[in-house]
Each structure stands twice: as C-alpha cells, then as structure tokens.
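So this first bit is one chain, no partners, the form predicted on its own, shown in structure tokens.
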C-alpha cells in the first residue's frame, strides 16, 4: 500500500455500538421473576399479610382473648357504614364474636399462629424431603428402601393419620411443653412428617441426572468424598426444585393446620387460629356470614399468594423455560 492511497475502514470493525452489560445469574433470575405478574402479586400479598400479623399488634393493641359481653355480636365496620351507623364500629373494625372478643385482634393473632405453623412445618418437610431425596439419588443401595418408604407414606391417608397422631400424643406433649407449646410441636411434627414425599421424589430425580454429569465424575476421580460431592456439587444444583417445593409446602401446611383447627383437634379453644375462627363461626354463619368470610379470605389469599410465588420462582429458576 502506497502513502497516497486512501485507507477505507471496514464497516464491521468500525461498529461503535456498545454491548449490554453482562448480568449475573441472580440478576437474570430476578429479571425473570419480576416479569411474572402473578409472582409479584403473590409476593406483595404474602409480604403484606406477614408484616400485618407480625407487627399489627403493635398498632392494634387489643387483647384477642379479652371477653366483653357488652360488646358482643358487633358487625364489621363496612356493614355499619352500609346501614348508616358508623360510630359504633370504630372500636371493633372487624366486629366481635358471641363472647365479645375483638375480630381484628383475633385475625392478627390467628395469622401469627397459622403462618408460624406453616413455616415451621414447611422447613421440617423440606429438610426431610431434601435429605432423603439426595441419599436415594446418590447412593444406589439406599435408593430402593428409601423410595419404597416414600411410596408407603404416599399411600397413607393423611387426614386420618393426623387425627390419630394428635389423639395419641396430645396429652404427653401438653404435659411437657404446655397446652400451646405442646400442640405447636405436635402439629408441626405431624404435618412435616406427612408432607416430605413429593420433595424427596423431585430431588431424587435431579440428583440421579446430576451425578452422571462431567463435573461430578471429575470430582469423584479427583478423590472427593461422597460428603464433599453432595455438599459442594449436588445440593447447590438442586436448590431450584427445593425452593419451589418450599412454597407449595407452605401452602399445604397452612391448609392442613386450618383443617385440624376447624375439626377441633388443634390448638386449645381459647388460642386463636384462622381455622379455629372458622369453626367458631359455623354455627351462626347465616346470621353473621362475615365471621366465616374474614378468616376464609385470609387463608385463601395466603395460599393463593404462595402458589403464585411458587409459579414465579419455578419459571425464574428453571433455565429451560426462562424467558418464555
């Protein structure tokens, strides 16, 4: 090339467009989760209910067990507004029951109990399901016995088993841990022990596929122990199904606790839960339908929010359907 020849730039090499910044895996997951409208709705509703039941008693400082016969059978504030009498309802916005107990205070206290049972039972079932699933998937000798035990638990009728367990162990636990503490331990234990099976089967299937991958074979050939392979390579790669199972396990635990309280085999009668409020409201539900609607809507909204949250987490954590 001579000096007087003009240098013509190559079009492809002179492109000045900047590439978008690289996003980490966590940012990709959050972006996908944020695009799921149902998951955002579920997360907002669940966060609102959780904050309300945890800190609502700091604002509404009314004893949920206080009896006030002079204020019994008050209607909620919205019914009083419709009837034109607003003044009487501000002291009890959610009304009162047949014994004069405040409805809003019982909703907050019952929500704390139901969510506490749900979270504790979910964590117990998650621990059992993930542990059994990893052991069954990684160790071939344990696969058959553990999966047959899982099939056995799946074939058991859950509700009659719960009723039998509560009947057998209620009195010993109450004597050792008190009426509320004993029933909390019993209900959490029974729900957790009877709801780990689906998590175990999902985790086992993922572990069976992962343990034949190249990075696991390389770790095994390098002399890594089974404990190291499980903790460093397998468990981090099965977090996605475990998290999704956790959300659905929380919803199942809340419904199961409400069912037990509704049947009268849960917490003591003076200890509020959403299921117990439903059971107390049934005899007079035609006269006071809001007493059934308020705890029923609370349970439904919580379970619906958790299910939507689980759908969003499943879509965000699964790379095969991410971006659809």
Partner chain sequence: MLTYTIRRLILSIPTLLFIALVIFLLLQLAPGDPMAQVPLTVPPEVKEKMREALGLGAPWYVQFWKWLVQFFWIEPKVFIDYLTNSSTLFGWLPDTELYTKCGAGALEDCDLRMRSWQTRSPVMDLVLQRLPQTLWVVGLAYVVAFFIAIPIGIYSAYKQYSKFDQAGTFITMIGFSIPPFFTGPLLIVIFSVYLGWFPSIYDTTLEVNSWASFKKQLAQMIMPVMVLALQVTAQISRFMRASMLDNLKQDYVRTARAKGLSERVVVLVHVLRNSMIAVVTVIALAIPGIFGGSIITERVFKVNGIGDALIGALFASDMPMVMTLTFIFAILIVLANIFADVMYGVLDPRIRYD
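Numbering follows the first chain given and starts at 1. Bear in mind the structure is a predicted one, so any value in this text is a computation, not a measurement.
One more form of this protein, predicted in complex with the partner chain, exists but is not displayed; see below.
- Proximity to the partner chain in the predicted complex, taken as heavy atoms within 4.5 Å, picks out 150 to 158 from the listed stretches 213 to 221, 150 to 158, 95 to 103, 226 to 234.
- Relative to the partner chain in the predicted complex, residues 29, 45 and 50 are all farther than 4.5 Å at every heavy atom.
- When you look in the predicted complex, the only residue of 293, 62, 54, 40 with a non-hydrogen atom within 4.5 Å of the partner chain is 293.
- Using a 4.5 Å cutoff between non-hydrogen atoms, residue 67 does not count as a contact of the partner chain in the predicted complex.
- Remark: residue 271 does not count among the residues lining the partner chain in the predicted complex, judged by a heavy atom distance of 4.5 Å or less.
- The partner chain in the predicted complex comes within 4.5 Å of a heavy atom belonging to residue 163.
- The closest heavy atom approach of residue 282 to the partner chain in the predicted complex falls within 4.5 Å.
- Contacts with the partner chain in the predicted complex, taken as any heavy atom within 4.5 Å, map within 291 to 312 to 292, 293, 296, 297, 299, 300, 303, 304, 307, 308, 311.
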